[in-house]
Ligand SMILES: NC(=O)c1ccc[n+]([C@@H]2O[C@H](COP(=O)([O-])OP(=O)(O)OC[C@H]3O[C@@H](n4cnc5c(N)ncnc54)[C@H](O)[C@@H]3O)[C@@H](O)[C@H]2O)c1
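Listed next as structure tokens is one chain, alone, in the form predicted on its own.
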């Protein structure tokens, strides 16, 4: 996109962390902002921050797992602003257990928020964005865990791999709908995701207040999410497909694709022997 001022950005999970960072970054560029967050007070707090700087922002409670609620949110945004130019599917959660200890409820919760939440956002917003004139862009929040495996968070890894694939496909389909797409793959960022169980729905086990002090300590040393928001804003302007925040995480990419190349070399050798 070449110009952001006067346009509209929508951010799910916009009440804290990376979502809050994106909301401020887009508002600082003159965009009008719509926030959806499962914690109403958090969304309202960011709305007040943006409006305190003279920006135009709305915030609503939103559970991205609820497809009808996402559709109502989209209806409200289009009714208020008339268009959506940047859609950020950002809400996310994580659990911590080895593969053989993960419960069915854990799988359903993480898949519901991290994957189905993105799908719900795309289905609610894309048709009307496609019908709009001018530039428009989607940002899907994945993770560096969507680029290479990480122990102890299998549902999170699975969903983030899926979000990367969805984003790559949406980008490839741009000739059909004119919508750009970026996938955000951050490393360690100061967010509240380690405590995301506090908002876990009753249908998948209810609130989980377990504390993971080692992970919390690591996250506390992470990148400022306001900086991540500025990185995302520039990536939208530059029409980047992949957004990486931590260059040192390249070793995860290199290790995975070295293994893939080695497997292809082995396939080539088998074909040659045949």
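Numbering follows the first chain given and starts at 1. Just so it is clear, the model here is predicted, and its values are computed rather than measured.
Although not depicted, the form predicted in complex with this ligand is the subject of the following passage.
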Notebook entry, point to check: At the 4.5 Å heavy atom threshold, is residue 9 in contact with this ligand in the model of the complex?
Noted result: no
Margin query: Is residue 108 near this ligand? Define near as a heavy atom within 4.5 Å, in the model of the complex.
Written below: no
Next item on the list: Please run the contact check for residue 39 against this ligand in the model of the complex: heavy atoms, 4.5 angstroms, yes or no?
Entry: yes
Check: Does at least one non-hydrogen atom of residue 193 fall within 4.5 angstroms of this ligand in the model of the complex?
Finding: yes
Item checked: 64, 141 and 189 all contacting this ligand in the model of the complex, non-hydrogen atom within 4.5 Å -> yes
Next item on the list: Sort through 84, 183, 93, 74 and report the residue having a heavy atom within 4.5 Å of this ligand in the model of the complex.
Entry: 93
Margin query: Only one of 201, 132, 103, 123 gets a heavy atom within 4.5 Å of this ligand in the model of the complex. Which one?
Written below: 201
Next item on the list: Specify the contacting stretch among 156 to 164, 95 to 103, 169 to 177, 74 to 82, defined as having any heavy atom within 4.5 Å of this ligand in the model of the complex.
Entry: 156 to 164
Check: Does anything in 1 to 33 come within 4.5 Å of this ligand in the model of the complex by heavy atoms, and if so which residues, in order?
Finding: 13, 15, 16, 17, 18, 19
